[in-house]
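Just the one chain here, laid out as structure tokens, in the form predicted alone.
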Amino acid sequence: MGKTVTLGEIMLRLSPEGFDRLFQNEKLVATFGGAEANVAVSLANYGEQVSFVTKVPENVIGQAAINKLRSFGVDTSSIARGGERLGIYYMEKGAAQRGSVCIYDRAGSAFQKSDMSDYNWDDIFDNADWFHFTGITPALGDNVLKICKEACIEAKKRNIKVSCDINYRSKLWSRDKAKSVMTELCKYIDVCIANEEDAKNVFGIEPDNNDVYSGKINKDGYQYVAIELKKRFDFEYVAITLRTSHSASVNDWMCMLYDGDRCCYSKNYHIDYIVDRVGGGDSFGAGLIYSLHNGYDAQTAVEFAAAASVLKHSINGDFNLVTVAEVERLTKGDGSGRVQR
């Protein structure tokens, strides 16, 4: 089995302690995160070979980001150095009826200003058989879009499976631009991952009788969404995460995987205390990549990926710090939270 390569931006994450509001006091906790980096860390924790590709400034902050990835066993040898700064995002975790707030400060970051000469795809894709990116990456600018497209082209030349989490971010680009760009990139994608809103926001595909803001999720309607995505882009798999938000602290979580023949649903999990939901989708994506990479059937794969994501909701920070054994314990029904002795 070869390695997985992920491409994206790692950022400095600054958050108040606990559930405090931004600048409610004088403390901000500094960690690192970013969609594709989160996937890489999860895969490394599962024992997979994984390489993360980005560009960071050649200073103590960039080195700290690399050191953090290395501490989990992520291969950082293809990370380019240079540029002025590492992107930052401020994360205020919501609670009860107060939603979380994410503020980006990433304009002009080393990765955003990188160009194709920073990346040698022959070296990057050596011994690789899976490539993953998200819709956040091409949203960062036309130059990054070119890098992302080049990576997809080079991956397909080498028969490397390509997965993408659509991950629409309204703060980064418009729906029209996202539709135009992602429609082109979907030509290279084998495994499409989306949440309950991405297909609507990017491709205009949505189920009837659905309102995510009032907590009304038409589960069966997402079979239509998955089938339409498959028809339009000929994906091998379409995965959709279905989050019912009762509040910032209480969610229901279910996931679906369509393999072209049937739609497989995971268990529906009731998460009654969310510690940190950021990275929940990334942990699902990593769980799905791990499962499919290891030959799991569709039902087993979606159960593993959903359980991995549920566990992430109990962990502070972007990274999902769980093992395969812990995920499998939950898939087998042990969600009691009892002390493991």
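Residue positions are given as counts along the sequence shown, with the first one as 1. None of the values given here were measured: they were computed from a predicted structure.
A second form of this protein, the form predicted in complex with a further copy of the same chain, is not displayed here; the remarks below concern that form.
Partner-proximal stretch of 242-250, 150-158, 228-236, 180-188 relative to a further copy of the same chain in the predicted bound form, 4.5 angstroms, heavy atom: Contact-bearing stretch, as computed: 242-250.
One residue of S77, N120, S170, N143 in contact with a further copy of the same chain, assessed in the predicted bound form (non-hydrogen atom, 4.5 angstroms): The option sitting close enough to the partner is S170.
Spell out, yes or no, whether the shortest heavy atom distance between V310 and a further copy of the same chain in the predicted bound form is within 4.5 Å. Answer yes; at least one heavy atom of V310 falls within 4.5 Å of a further copy of the same chain in the predicted bound form.
Spell out, yes or no, whether the shortest heavy atom distance between F32 and a further copy of the same chain in the predicted bound form is within 4.5 Å. Although a further copy of the same chain is absent here, F32 would touch it in the predicted bound form, with heavy atoms inside 4.5 Å.
With heavy atoms only and a cut-off of 4.5 Å, decide whether D126 touches a further copy of the same chain in the predicted bound form. No - in the predicted bound form, heavy atoms of D126 and a further copy of the same chain never come within 4.5 Å of each other.
Give a yes or no for R98: in the predicted bound form, does one of its heavy atoms lie within 4.5 Å of a heavy atom belonging to a further copy of the same chain? Yes, R98 sits close enough to a further copy of the same chain in the predicted bound form that at least one of its heavy atoms falls within 4.5 Å.
Each of L7, C264 and Y296 near a further copy of the same chain in the predicted bound form, meaning some heavy atom within 4.5 Å? Spot residues vs a further copy of the same chain: no contact at all.
Using a 4.5 Å heavy atom cutoff, which residues in 117-138 contact a further copy of the same chain in the predicted bound form? It's fine if the answer is none. Result: empty, none.
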